[in-house]
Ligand code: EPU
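Form predicted on its own, single chain, as structure tokens, below.
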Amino acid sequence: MTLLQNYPLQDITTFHARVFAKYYTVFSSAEFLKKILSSPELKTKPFIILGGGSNVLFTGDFNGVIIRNAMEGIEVLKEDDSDVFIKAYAGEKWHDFVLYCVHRNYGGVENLSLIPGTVGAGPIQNIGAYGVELKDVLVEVEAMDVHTLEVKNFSNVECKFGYRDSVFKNQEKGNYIIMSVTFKLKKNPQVNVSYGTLSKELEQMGITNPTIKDVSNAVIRIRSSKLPDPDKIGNAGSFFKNPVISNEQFETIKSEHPNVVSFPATEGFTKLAAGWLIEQAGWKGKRIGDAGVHEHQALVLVNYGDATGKEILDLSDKIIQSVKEKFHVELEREVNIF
């Protein structure tokens, strides 16, 4: 195994903060991953698995090993007249996988177009957008136990999916490395345009009977208009989760703020739009040095050039505190902090 030393992470993480990893290596197969995990060097050093680097913020240099997952490929496992089962490897770019499916009219992931990162990161976060979550189409996750080097298949139920949550973020955090994900998609898809913003965008496009390609294009248009391109402005997409609160607390907030933006959640609870809360607290477009809140989407924190990870984290602390003071709601970060 070759370990590169003092490796810059600026170009392989989407915040583009100037930090270094003490060691860095890459794997593109299960066999090579086993060699890395069984190497003597790794037993004495902390390590992090990195995919597209789109959901992480390093607040300083990492005194361990960054292991980059480069397992790529997409294959059809089986299909019938109505369904197709597709296996995508963890290092595959998520949006490339979505386009692969849309091009073949395999429905189910089109609402998740243009989400940054890799396929392997999807189940960890249970990524979701515009009325769809990964759990809706996921069959199983293939992952390697970092301790025993055995491969385990996690069913949808075993993944214990929640809102931007899974078993890989909780009980099994750090214990498994995802190698591939299997999806069940529809060959005669029914589109999901229940999300208000999406249906309005399709209407503006003059589309009344949308295909999954139309839905994908609409999502791409929306995201492109609201979210900054990480290649131009450092960011990790949505920095905070939309908070879920009790209906009683929601009614209290609504009585004071009638225009509060909300969505249905599980019985007895309501989901608030974190971006709206942040904007109402006065943070939209605000900048402290090179760390800032994006001018078009308050949910996105950005690095305008030379912001450090610590400065971005400090900005998020200030936002959390001001939202809590104004609404008595505590925001939770979606991005992983190291």
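What you are looking at is a predicted structure, and each value in this text was computed from that prediction instead of being measured. Counting begins at 1, following the sequence as shown.
Absent from the display: the form predicted together with the named molecule. The rest refers to it.
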Item to complete: Could you work out which of Thr197, Thr211, Asn192, Thr252 is the residue within 4.5 angstroms of the named molecule in the predicted complex, going by heavy atoms?
Response: Thr197
Fill in: Contacting member of Ser180, Asn217, Ser166, Ser238, with respect to the named molecule in the predicted complex [4.5 Å, heavy atom]
Ser238
Discussion item. Please tell me whether the candidate spot formed by Ile49, Arg68 and Phe97 is one where all three residues come within 4.5 Å of the named molecule in the predicted complex (heavy atoms).
Written reply: no
Worksheet entry | the named molecule contact at Gln297 in the predicted complex, heavy atom, 4.5 Å | yes
Worksheet item: Taking 4.5 angstroms as the cut-off for heavy atoms, does Trp276 touch the named molecule in the predicted complex?
Response: yes
Worksheet item: Using heavy atoms and a 4.5 Å limit, would one call Leu149 a contact residue for the named molecule in the predicted complex?
Response: no
Worksheet item: Should Gly73 be classed as touching the named molecule in the predicted complex when contacts are defined as heavy atoms within 4.5 Å?
Response: no
Worksheet item: Counting only heavy atoms and a 4.5 Å cutoff, which of 150 to 158, 101 to 109, 87 to 95, 126 to 134 contacts the named molecule in the predicted complex?
Response: 126 to 134
Practice prompt. Go through 25 to 58 residue by residue and record those having a heavy atom within 4.5 Å of the named molecule in the predicted complex; state none if no residue qualifies.
Written response: none
